[in-house]
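A single chain comes next, written as structure tokens; it is the form predicted on its own.
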Amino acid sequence: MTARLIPVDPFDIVVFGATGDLAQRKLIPALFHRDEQGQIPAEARIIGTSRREMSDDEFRKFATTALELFVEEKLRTPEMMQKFLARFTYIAAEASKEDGWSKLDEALAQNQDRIRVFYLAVGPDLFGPICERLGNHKLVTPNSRVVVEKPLGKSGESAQALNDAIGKVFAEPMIYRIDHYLGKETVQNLMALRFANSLFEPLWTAAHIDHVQITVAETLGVESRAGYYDTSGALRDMVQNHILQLLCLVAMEPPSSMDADAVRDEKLKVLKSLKTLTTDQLETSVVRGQYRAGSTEAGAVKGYLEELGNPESKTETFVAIKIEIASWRWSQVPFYLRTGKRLAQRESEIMVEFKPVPINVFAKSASNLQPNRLVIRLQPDEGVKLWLSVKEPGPGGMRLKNVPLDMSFAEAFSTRQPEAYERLLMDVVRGNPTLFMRRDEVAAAWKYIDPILDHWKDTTDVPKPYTSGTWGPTSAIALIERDGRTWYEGPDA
């Protein structure tokens, strides 16, 4: 089966921070893949800009290195490389000064009516200055869009200030707050599973679902990101954006259509329905941890404090939260979220556990009857599993076994699965904001997260230590087992 390509109109994309890590690892490879698939029109241009002085040829060499590192060799034919690199132009410009901006004016002047994408692959402290200069130089046309990366602030107040600064220049429909998790095929298939199949939606209620788990686990530590990470932590870095967005897609009501605002209206309702944690619940329903030295598949590793070089840091590298939603659909159905670094496995998945059958008629031969589970795996090996109880073949009675109906995207679809940034970049060009966060979503997410951050700031408690290569602190296990449940860990659970 081959993917159906939807062509996009000619565009210019201006990447601020074009010589940074994000551009090298994600943006340049994503644009190459779309070009290699024939989706990018011949007139499209890629204009890189940053503080560094660099010629067009030097920028193309930088792009070549990125492609050699992150794109399969068989796709990098000489003809394809020449075609793609010919799109590249570089302009050195200061985000907070006038240096170089006149050259950007000249570069864009020839295509006033073309779609313009300004991608801010820079720190959030530069969002405001860059947008201000884009406005001052009258570079924002009716066909312009601006893309901003997380973190969008470190609190609700700072997020509002950033949104205000961007909003002075760009109208809200022009602003694309990117969350690459929403570009993953499996995440979008969650909506397809729910709203395109009559099998699941009637069961998607508190009457049939026992609880939901969302896990985003990494085996890597903070490594080169230690400086940034220590000012952020797992709650801001992962929960406030990625994980709460996944929760919204699981918990949202069916939208009236798949139009952008119809979908985002329903996600906003979920965020506004999250039950505020009481003072006691901030102690019992939230766990923060920090990894210590241990052993992983890569061998012995240092603890977070050693990597950071600051023995006093209270920044969390692990968070687990029990969340409840005040709605008829989800009354009494807990959502257990967890994320962390240096955990036992690298995996991102959503597990929906259904309630057990009311009476086990196989009690004599199947005392360990397992509940049905739907597992949506985001990474690695994207796919969906529905765990069912079936009879084991052979004589000797009714022996039941828990087995999955397994759909692997790699096996079901012979074509290469596009990376999240490929889809999202093309959605920006098309002007489709469905998979991007609206300003009121960001504010509602911070409204839930801010009290947790404030509580941590006021307490003398420190993050619970956990050994690298494990599943986090023991208090995270207690968080869920207190309710008579256990974390789902692994493909055969």
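One rule holds for the numbers: they count along the sequence shown, beginning at 1. Note that the structure is predicted; figures quoted are calculated from it, not measured.
One more form of this protein exists, namely the form predicted together with a small molecule; it is left out here, but the text below deals with it.
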So which of 205 to 213, 232 to 240, 261 to 269, 127 to 135 is the stretch with heavy atoms within 4.5 Å of the small molecule in the predicted complex? 232 to 240
Answer key: of Arg76, Lys401, Lys168, Arg225, within 4.5 Å of the small molecule in the predicted complex (heavy atoms) is Arg225
Note which of Arg338, Arg145, Arg288, Lys184 lies within 4.5 Å of the small molecule in the predicted complex, where distance is taken over heavy atoms; exactly one does. Lys184
Please determine whether Arg346 contacts the small molecule in the predicted complex, using a 4.5 Å cut-off between heavy atoms. yes
Counting only non-hydrogen atoms and a 4.5 angstroms cut-off, does Gln379 reach the small molecule in the predicted complex? yes
So in the predicted complex, does any heavy atom of Glu324 sit within 4.5 Å of the small molecule? no
Is Lys150 part of the interface with the small molecule in the predicted complex - any heavy atom within 4.5 Å? yes
